[in-house]
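Next up: a single chain in structure tokens, the form predicted alone.
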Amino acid sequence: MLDDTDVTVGGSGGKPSEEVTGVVIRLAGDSGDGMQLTGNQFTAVSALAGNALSTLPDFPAEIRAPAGTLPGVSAFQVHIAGHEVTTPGDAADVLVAMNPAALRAELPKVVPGGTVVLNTDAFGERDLRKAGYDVDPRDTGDLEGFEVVEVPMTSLTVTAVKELGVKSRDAERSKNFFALGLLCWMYHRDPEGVRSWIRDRFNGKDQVLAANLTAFEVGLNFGETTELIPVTRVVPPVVREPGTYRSISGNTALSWGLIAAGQLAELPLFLGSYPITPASDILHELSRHPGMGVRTFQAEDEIAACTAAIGAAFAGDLAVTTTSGPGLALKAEAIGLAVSLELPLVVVDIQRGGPSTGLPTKTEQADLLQAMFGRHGESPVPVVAASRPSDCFDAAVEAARIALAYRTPVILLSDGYLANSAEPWRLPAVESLPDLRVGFATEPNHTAPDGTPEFWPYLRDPDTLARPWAVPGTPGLEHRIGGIEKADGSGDISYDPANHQRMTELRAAKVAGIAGTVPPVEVQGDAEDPEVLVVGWGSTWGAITDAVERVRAGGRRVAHVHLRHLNPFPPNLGEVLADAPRVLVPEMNLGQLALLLRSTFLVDARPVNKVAGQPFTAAELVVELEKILD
């Protein structure tokens, strides 16, 4: 929502301009209208302007839906502000609608009195029918209460680029750059950054470059000359700690975290992956960095991707496999193999709407129980979750730390919302990152009864219970691996019941022991005597943080704990839960963390659930908090 207007200052092109502390902008159109690209570039120039920001790309779930229809609407929402923000906003102050379908789908997400910018060239009779309108909404009163700005974006763009020799159909595709130019003018964004990006992006495609650049300039100039927008707005930069910042998405941050982990461990990084939405960007990003010791392998299926990564782990690499929920199910047997082999493996799950194919472009948090228990036999694995786009970097480093130190597969949970959304990120100092180096076995570690030195692959470290990691080909360290149960210590195949009991308990104790290196949870808000404690995990962090602060500002005592480590839980979590009179657990599932908290700590954890393919808004959680408080 539009934050309070602070002060009136000089305008652009002689028009008045007012300073506001923040604004939420939503762009919507057909999948081919370039709304994601437009939103990303507006986000980039806002980041350069020093604004705090949070984004929500909202992709259609239907592949190639008919143009102009509701299922084909693609949207992008960005919240820019002169103060820190945690969410992309509850509702939009400004909606740019490229056609009637975009208007119909997205108008309910605009605040009363908000600005609606319409591409009037797309409001023909046929366009209206495809969107389900019997009558033009501009004539029915549907837009009463909004500030409506009607702009013939398509025709202005086509006319402007006609002299360049661009075909009419290709010229129409540039209208998103007109919209970008208009927005840059409305919010005093520096256009030079966009111009440079257009030149770089379309270098070598002279006609396309000229058309897009022209459309952008026409949008800027339209803002300068039109009387439809009498006031522009300025969003001041946020005051931040000194450092180097960049706008980063969750998938990019996670990819860079994996690269950093490989460097910190001084190991090659191997990714075995099968493309799947919304995890594929990690494969794409890592494949760009062979110079950083990264090797990527696009396998024929999920099972092959995971087993290839296990092979790389056996060979001494930092091994990773990436997927989404359906792929995690397919990898289950191979992850069980990694549990048995006790080799380090990072399994990245970018959660999406399910079950089965479900809603592949929408977000969900419904894989937690699968991560915890989705394998046969007793096969516990550590589970780590990222909380915001920039946190995906740190979560990746932490998952790698656990995997390497404890010789275990680790499941790292992100989701579609985190993967595609973006925020400013302060690049960490290299010296602040942890040392992930672990030693390989180099010599025999046991003496046979006859005095012969030999290597026992399951002779454990007394502190971590991790087994030694021996690189194949090391003289004297030959050993057997495989999925059949091994004898404690020697690693020989064993069908002995007592040995199986012991090995099962050792593997569980090893994972449980990780809690000793997990930081205690920090209670935010009213840590002393709260009326309610909100416990969250993953991408609910932003909405919970915002909601808790709103309710606290109203005089109620609310505390918030957000979990990165979901297995094992932080060591003091039980104590924190026991001190809370009420526990509220918001999740984008039907209550999976709430179930775990109830069973583990015997507390009355009350779930708040949303499984709509969309993240929580802070306003939704404010309502739930007020219910439990009242």
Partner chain sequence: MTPPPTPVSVAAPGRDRGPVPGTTRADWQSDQEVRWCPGCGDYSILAAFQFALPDMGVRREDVVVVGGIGCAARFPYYVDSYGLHGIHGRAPAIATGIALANPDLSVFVVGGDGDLLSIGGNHLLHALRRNVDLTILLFNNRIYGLTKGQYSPTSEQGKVTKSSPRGSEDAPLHPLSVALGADATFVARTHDMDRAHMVETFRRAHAHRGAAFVEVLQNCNVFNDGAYAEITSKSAREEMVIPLRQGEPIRFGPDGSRGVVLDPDVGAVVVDVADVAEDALLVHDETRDDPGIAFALSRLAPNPDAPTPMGVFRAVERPVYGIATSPGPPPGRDALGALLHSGSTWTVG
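Numbering follows the first chain given and starts at 1. Since we're looking at a predicted model, the values are computed, not measured.
Heads up, the form predicted in complex with its partner chain isn't pictured, but that's what we're talking about next.
J.: Is its partner chain in the predicted bound form close enough to 280, 289 and 430 that every residue in that trio has a heavy atom within 4.5 angstroms of it?
T.: Yes, the whole candidate spot contacts its partner chain.
J.: Please tell me which of 152, 489, 513, 268 lies within 4.5 Å of its partner chain in the predicted bound form, judged by heavy atoms.
T.: The option sitting close enough to the partner is 268.
J.: Let me know the one among 229, 143, 477, 208 whose heavy atoms come within 4.5 Å of its partner chain in the predicted bound form, would you?
T.: Answer to the contact question: 477.
J.: Tell me which stretch of 533-541, 180-188, 432-440, 220-228 has a heavy atom within 4.5 angstroms of its partner chain in the predicted bound form.
T.: That would be 432-440.
J.: May I ask you to check whether residue 247 falls inside a 4.5 Å heavy atom distance of its partner chain in the predicted bound form?
T.: The answer is yes: residue 247 has a heavy atom within 4.5 Å of its partner chain.
J.: Would you check, heavy atoms only and a 4.5 Å threshold, whether residue 62 touches its partner chain in the predicted bound form?
T.: Because a heavy atom of residue 62 falls inside 4.5 Å of its partner chain in the predicted bound form, the answer is yes.
J.: Answer for residue 243 alone: is it within 4.5 Å of its partner chain in the predicted bound form, judged on heavy atom distances?
T.: Yes.
J.: Are any of the heavy atoms in residue 382 no more than 4.5 Å from a heavy atom of its partner chain in the predicted bound form?
T.: Residue 382: no contact with its partner chain in the predicted bound form.
J.: Quick one: name the residues from 409-425 with any non-hydrogen atom within 4.5 angstroms of its partner chain in the predicted bound form.
T.: Contacts from 409-425: 424, 425.
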